[in-house]
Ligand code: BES
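To begin, one chain is listed below as structure tokens, in the form predicted on its own.
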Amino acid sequence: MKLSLSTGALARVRADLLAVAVPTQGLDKSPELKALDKAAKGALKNAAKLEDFTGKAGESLRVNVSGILAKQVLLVGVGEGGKKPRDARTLAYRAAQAASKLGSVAVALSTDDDDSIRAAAEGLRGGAYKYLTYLTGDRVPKRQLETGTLVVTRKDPAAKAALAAGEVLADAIVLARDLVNAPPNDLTPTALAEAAKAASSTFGLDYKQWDKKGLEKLGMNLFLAVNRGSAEEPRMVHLTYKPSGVKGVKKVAFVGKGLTFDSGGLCIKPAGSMIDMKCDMAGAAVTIGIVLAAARLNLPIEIHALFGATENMTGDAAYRPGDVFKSYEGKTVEIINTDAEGRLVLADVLWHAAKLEPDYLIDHATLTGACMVALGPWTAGLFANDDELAKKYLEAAEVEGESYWRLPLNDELRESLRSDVADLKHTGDRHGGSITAALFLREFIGTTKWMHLDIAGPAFLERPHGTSPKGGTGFGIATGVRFLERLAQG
């Protein structure tokens, strides 16, 4: 979808659908809305009265109009709000959803600061998203949104840059959604690595990958243990972005879990819990999205993005409960439950990333069902060994409207990872499962300032929520990029 800015009067905006935010005070409280209604011959006020539309948050009303260039107007209630970037994103997202079978949409922003323009651009692209790769015949939509316009008061260079930044962010999120939604027979570990390679070459990132022999040479035995039951080869990928002509920059490493399918291994999942396990590589998709967006935005930060990709299957060589493996870092690990495989892959990749000596090390993983039990499906768990890092990340999330909740690295639970036959068990007791998973990962980051983000809930949704669609969401990319931008500013 092609996006643009317009500074024209609302009545002169040409679009199949024009979306406007309406506060609880009603249409009369805004000079712009009042002028639009006058040009539409009172159709908006009449429809609002007929349908008892009051502008409460969550309300919407679609009105056919004449007298203006837009064919329809979508009134979107914003209550007492409507002034934050997240509100602009929501308005644009709902507009794109409402215009999904039309050709063009326009959105009148209540406020057009740079962050709101950026958020609205992302919202338009995000709202228009559909995963259509495998649809044929009549299932393919006959028409899709082609153009989107943000109606603003200015078209200065800063506004245009904000629009472009929103498109960059949307592109990264769409890529992540496509990867997460792809079926596991096509998105194998090798295919995921090749997708990262194709994206990195397009935007000039350095790319390196390790196959099974390469991982064996490194000694990534925990990672390889998970792969043993699969007919598909594993891959570890390392994407690097280094800003040109800038010295003394911060270095940040992102690590993602890339399980392209998780059967649970010998501790096999029930069928109902297995159907969506193509999404278990969402952490890798987010990692790819963050580094691509940062590179396209030319951020003055050195960024390393790494992920381990494999399947967790039940083949005749599959690893077993009771097995012991030596990690890349050196600690020995006793296997307890083969369905807790993600932390094993992450452990070896985290240690590889820690050896790069980054200022910050951040991992994204659809790691535990326990985190969803604790926080629900729309909030990610945040664990950090550095308070300042956690604070900065939560501030970035607040701007972007993504939901995180900091959970404790409770050292009293560390004892539950104690093994009688090895240095560590890889799972703890039933209670506090997301915490013990984080404590296990902490064993493999050395002294690095580190944060673990358990995105098991919001990375893949059973139904749409807010500005996230059903299926893959790309959750985490917006916050990650915002964090990097603020880090670059000092």
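Numbering starts at 1 and follows the sequence shown. Here the structure is a predicted model, which is why all the values come from computation and not from measurement.
Below: the form predicted together with the ligand, not depicted.
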Using a 4.5 Å heavy atom cut-off, which stretch among 202-210, 254-262, 413-421, 227-235 contacts the ligand in the predicted complex?
254-262
Within a 4.5 Å heavy atom cut-off, is residue 219 in contact with the ligand in the predicted complex?
no
Interface membership of residue 343, the ligand in the predicted complex, 4.5 Å heavy atom rule:
yes
So, residue 389 and the ligand: in the predicted complex, are they within 4.5 Å at any heavy atom pair?
no
4.5 Å heavy atom contact, residue 324 to the ligand in the predicted complex:
no
Only hit among 167, 339, 194, 178 for heavy atom within 4.5 Å of the ligand in the predicted complex is 339
Considering non-hydrogen atoms and a 4.5 Å limit, which listed residue (353, 277, 159, 313) is close to the ligand in the predicted complex?
277
Who in 361-382 is close to the ligand in the predicted complex, meaning a heavy atom within 4.5 Å?
366, 367, 368, 369, 370, 372
